[in-house]
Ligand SMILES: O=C(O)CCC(=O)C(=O)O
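Here we start with a single chain on its own, the form predicted on its own, put down as structure tokens.
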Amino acid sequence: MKEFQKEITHANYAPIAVAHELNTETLTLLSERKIGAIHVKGFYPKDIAGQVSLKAIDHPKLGYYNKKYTSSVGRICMPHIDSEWNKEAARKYHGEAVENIHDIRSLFSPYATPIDQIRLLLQEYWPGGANIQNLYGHKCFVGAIRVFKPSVSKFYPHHDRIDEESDAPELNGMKEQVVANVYLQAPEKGGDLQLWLRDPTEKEKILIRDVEGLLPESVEPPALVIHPKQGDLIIFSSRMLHAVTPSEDSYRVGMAAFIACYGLDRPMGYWS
């Protein structure tokens, strides 16, 4: 591994270290919380990313999260979080999954989407391979695009765990959940990714479940702050506290996928 920021442990959860390559070694270190993040600069071509971000802002399937602190964040196609513990919503999510994957893919045609590229790299780099995640025998959607409006949209400190949304048997044995974000458009000011490199406390988990976020003044300053640029890829543990600050001068548009780690000898699973 060629490049790291300073390696200082924080709260015994993950070191403040950032790898700048995506490969077997960095994926393994991230899954074991021996680094805080993977940040690949210029992962996706800026010209294609810019074209798709303009389409995303006015996409007919652009909807919004229904939680208190994220209602201003747009997302194209239904994510799994909107189906948590709801059988009817889950049927809709899984029933539309493959169609929505194709709809998102058409935005990038004739080029591969950044998430499709990541899916292939995971298959190649992870010892056990990687597959689309199934829940109760049904395929998940993967490749959500999220749209943050200038000055308004933000994610307050929170964590994401699919095992808090579903008890599907396919999730048995999951050791870690990470999230990959590719930035199709990024502001010059704001839109920072904040990482606390620690799990939320049990009290914080309750608050997050109620409103999907903590007030920023209720937690300590983040251990790591990354300002992404257009075309960048950042992967980090979604089980740890993280947040996104408001964009100050333009839209922030990203494409994301969660990734389940079940150990080196089992395939990773990815979904949105």
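Throughout, we count residues from 1 along the sequence that is shown. Everything quoted here is computed from the prediction, not taken from an experiment.
Note that the form predicted together with the ligand isn't included here; everything after this is about it.
> Between the options F155, W126, W196, F108, which residue brings a heavy atom to within 4.5 Å of the ligand in the model of the complex?
Among F155, W126, W196, F108, a heavy atom within 4.5 Å of the ligand in the model of the complex occurs only for F155.
> Among the candidate stretches 196 to 204, 162 to 170, 84 to 92, 179 to 187, which one is within 4.5 Å of the ligand in the model of the complex when only heavy atoms are counted?
It is 179 to 187 that comes within 4.5 Å of the partner.
> Could you confirm whether V244 comes within 4.5 Å of the ligand in the model of the complex, counting heavy atoms only?
Contact with the ligand, yes.
> Hey, in the model of the complex, does F236 get a heavy atom within 4.5 angstroms of the ligand?
Within the cut-off, so yes.
> Taking heavy atoms only, is F141 within 4.5 angstroms of the ligand in the model of the complex?
Although the ligand is absent here, F141 would stay clear of it in the model of the complex, with no heavy atoms inside 4.5 Å.
> Does any heavy atom of R146 come within 4.5 Å of a heavy atom of the ligand in the model of the complex?
The answer is yes: R146 has a heavy atom within 4.5 Å of the ligand.
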